[in-house]
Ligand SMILES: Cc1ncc(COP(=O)(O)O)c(C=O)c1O
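Here you get one chain, nothing else, as structure tokens; it is the form predicted alone.
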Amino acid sequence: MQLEPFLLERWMTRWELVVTHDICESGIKPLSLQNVLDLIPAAEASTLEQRIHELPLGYSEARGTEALRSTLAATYANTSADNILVTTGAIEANYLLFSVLLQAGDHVVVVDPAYQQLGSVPKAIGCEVSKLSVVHDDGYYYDLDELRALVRPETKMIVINTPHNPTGCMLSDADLDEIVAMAQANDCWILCDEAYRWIEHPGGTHIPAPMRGRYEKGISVGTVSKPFGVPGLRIGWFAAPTEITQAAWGVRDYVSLSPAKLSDLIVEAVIRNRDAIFARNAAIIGANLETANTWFAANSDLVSWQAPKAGLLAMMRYALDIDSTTIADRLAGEVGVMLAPGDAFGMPGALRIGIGQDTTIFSEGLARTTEFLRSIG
């Protein structure tokens, strides 16, 4: 299997530890372990802290502990711990699912643009990949008529992502029901990347129920990296029929073997106490959305965006005849601001922006971006 270079990840690696103002961050502002302990009830925090200090740092249960899998299963309809496989981030979950469900010659429909893995891995397996564009002249959205034209009787899988990375558009309950009907008519799998599940905006659009529970061949992929602010714990998962979790577990024996034991323990507490974390998220998102809307309005001659309906990401269009990689490199290298190049998503003339960063860093990053863009315009 020959994988193509992962453009976004290589670009991010080049700059993310160099810049001072990362405003394309894909997750919510990270928590420290002390922040986690402060957000959960005092008695539970004390117990968790003691367990952390006393925990033997040996191998963990290969599927993820039953405690974590049961806690995750309870967030889905008709799902037990056996339907959950805990993975090293959502990226491993997706990779395992593609590995067990696809083979060379299969037809796959993948949303585009997307996190590159979603299209590149099926392509490397040897699948025929049809792209469902969410970029249109009048904005970003899923065109279900286009999807209907792409899906055919031999289609093996439909790959969707909602709320969408990088545009911030979202599928509604009715949209998801239509996609399920298409999949049922053609007996194909739906892999729904739900990395931004739970990240709703104050007063904004409600995120529909996960794909898991809507359809017997529907799979939900999740992560703590984006909505929980603990990406360094490297915990993801998927919820699927038991035979799929078993098959993927067999493949994972050859890849990462098991989740990190310490991460598993902390994440189980994080998931159970998610309401406190989401309240913290809402304050950050609300402040940054207000800042962003004011900034875009004040600089409408230079930049524009379609505000995300949910999640943390959107694309910023700019009115300069310079490619996005050059602008992104110069922003990072000259003024310490990180905005991801649209070129990494096949979206020239745009930069990816994230609204989950520390509010002061976000505001200052936008101010630096204005000064830089006007200086080169």
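The structure displayed is predicted, hence computed values, not measured ones. Residue numbers here begin at 1 and follow the sequence given.
Here the subject shifts to the form predicted together with the named molecule, a form of this protein not shown in this document.
- Candidate site formed by Tyr140, Met170 and Gln306: none of these residues places a non-hydrogen atom within 4.5 angstroms of the named molecule in the predicted bound form.
- In the predicted bound form, none of the heavy atoms of Thr79 sits within 4.5 Å of a heavy atom of the named molecule.
- At the 4.5 Å threshold, heavy atoms of Phe228 stay clear of the named molecule in the predicted bound form, well away from it.
- In the predicted bound form, the named molecule sits beyond 4.5 Å of every heavy atom of Ser220.
- In the predicted bound form, the named molecule stays beyond 4.5 Å of every heavy atom belonging to Leu97.
- Here the chain stands by itself, but in the predicted bound form one stretch of 284-292, 189-197, 240-248, 142-150, 189-197, has heavy atoms within 4.5 Å of the named molecule.
- Among the residues Ile266, Ala90, Ala183, Leu102, the one placing a heavy atom within 4.5 Å of the named molecule in the predicted bound form is Ala90.
- Asn165 is the sole member of Asn83, Thr155, Thr71, Asn165 with a non-hydrogen atom lying within 4.5 angstroms of the named molecule in the predicted bound form.
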